[in-house]
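Provided below as structure tokens are two forms of one protein chain, presented individually as structure 1 and structure 2.
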Structure 1
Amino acid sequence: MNHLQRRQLGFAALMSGPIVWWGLVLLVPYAIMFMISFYSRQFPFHVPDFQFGNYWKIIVEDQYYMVLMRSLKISLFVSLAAFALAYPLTYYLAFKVRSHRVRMIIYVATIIPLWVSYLLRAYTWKTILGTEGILNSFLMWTGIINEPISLFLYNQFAMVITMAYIFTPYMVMPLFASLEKIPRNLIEASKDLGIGRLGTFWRITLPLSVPGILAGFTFTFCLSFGDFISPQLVGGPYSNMISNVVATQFGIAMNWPMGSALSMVVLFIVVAIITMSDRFERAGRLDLG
């Protein structure tokens, strides 16, 4: 057995398991989901078919189209909120904290909540914002209000807060990485050339952190777009997200073809966003050694 053969054998031994596995649990299920999205519904289940009715409905029926638009809007707000929270923090860490240890400790502290149960983090906001919740009872206890305010929970505002809270670490990670990568001598050079702090920020720091911003927006946007747990917990009747509608199709609505078509749309949008941000990042990437 020569060297090449041995290598090929090694590769086969290594990969045969994973290839079968990935094919079986990834490719085949995606293909099946795609196939079922063309099926038609027939009570109580569905029948094989090839028609575009499900996709057509998503465009023309308000209950799908409006929800899709709303999901995009909310995800955008969540990303903006996460950005507003994360940028000052990461900037402070990257440029103002001088001790490496302190920087690492604060950084890790912002990331840790990611591993704290997602569900419980969403749930705490329900206990905070509810009419009998902590915020209301605090305001009543201190005498600021007399009646509990029901405006806090079960609306889009609560959803944005909760999801921004949950997904901010995903904004922090890429932002911090890109800010830390900016060579300090560029900033010093800008200052030496007499450009003020604000000017330096606008012309040097911000443009150079664009890859991080892009990656952060991609993460938070896609994650909130695909979330159906928080909306159901803290969103009200008018806060259904596309993922909630998808989940319903596989639950009480019992319309798997419709649900599969909607999933394909979600999949397409997420993959499109990821690919686009990847392209942009690559096109705009500066080699700073």
Structure 2
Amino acid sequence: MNHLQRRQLGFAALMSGPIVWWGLVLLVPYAIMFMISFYSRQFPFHVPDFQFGNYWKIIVEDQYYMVLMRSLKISLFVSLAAFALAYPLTYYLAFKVRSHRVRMIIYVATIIPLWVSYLLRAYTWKTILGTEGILNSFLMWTGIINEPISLFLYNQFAMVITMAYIFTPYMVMPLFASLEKIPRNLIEASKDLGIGRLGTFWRITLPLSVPGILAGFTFTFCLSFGDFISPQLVGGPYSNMISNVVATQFGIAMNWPMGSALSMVVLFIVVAIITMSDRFERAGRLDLG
């Protein structure tokens, strides 16, 4: 056995573990779910079949279309809200904070909520937005309202606020990495040429931070699109998202074929979003290059 063959054998041995793990944990469950999505339901059983009735229901029945559109809309608003919160912060950290230690302290403080239970963070906002929560108490203390109001909770507005808070760290991390890599000599050269701060931002900073923006949007959009805890806690009865419907199909309704079909639709949408994000990012790199 020559040196090249030994290297190939060593590489195969090194990669066999991750490939087997990826196949068993990810590929096999998706393949099983894909097959079940073609089954027929004869309550309380699921009969092996090959028919497209489950997917056809998703297309023709308004309830599934409305839930999908609602999920896409809320995910978009969550991504925009997270971007509005994260970009000024990361810009400040990358360009205004001179001390590396202070910068890292603020950065860690921003992402440290990821170490806290997701359920606890969602419950925190339920407490804040509730009729006896901090927001209502503050408004009553200032005299703006005379009694607690329930407009802040159990609606899509509450869902956007809660999920934006939960997923903002996923926007901060790629944005900070992207802004920190921008060469400072480009900023200085722009200033030397007489271009103001706003012009420098639009011509240099923003275009070079597009990869981080796309990555952050992809993270927050896909994570919020698949969320089902926040809609249950703060969304109310008319704010269900597609993941809540999937959980209902697998749980209460015991309709695994329909739940599998909905899960595959969600998977296709997420893969499409990731693919578009990757293509936009590559196109941006070519234009800058």
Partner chain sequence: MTAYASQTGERRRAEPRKLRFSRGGRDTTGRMLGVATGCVLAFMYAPIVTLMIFSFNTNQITKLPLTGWTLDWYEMAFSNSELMAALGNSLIVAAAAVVICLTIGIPTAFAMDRYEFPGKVVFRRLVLLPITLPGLITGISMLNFFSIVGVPLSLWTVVVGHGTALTAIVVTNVYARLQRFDRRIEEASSDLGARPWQTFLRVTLPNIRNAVIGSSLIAFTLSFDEIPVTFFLTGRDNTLPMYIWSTIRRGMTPEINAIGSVIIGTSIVLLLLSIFIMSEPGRGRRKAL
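Residue numbering: structure 1 sequence, from 1. Here the rigid core means the biggest group of C-alpha atoms that line up within 1.5 Å when the two forms are laid on top of each other. Just so it is clear, the structure is predicted and the values come from calculations on it, not from any experiment.
Only structure 1 comes from the form predicted together with the partner chain.
If you fit the rigid core between structures 1 and 2, you'll see the Cα of M35 move by less than 2 angstroms.
Shown in the overlay between structures 1 and 2, fitted on the rigid core, is a CA shift at L26 of 2 Å or greater.
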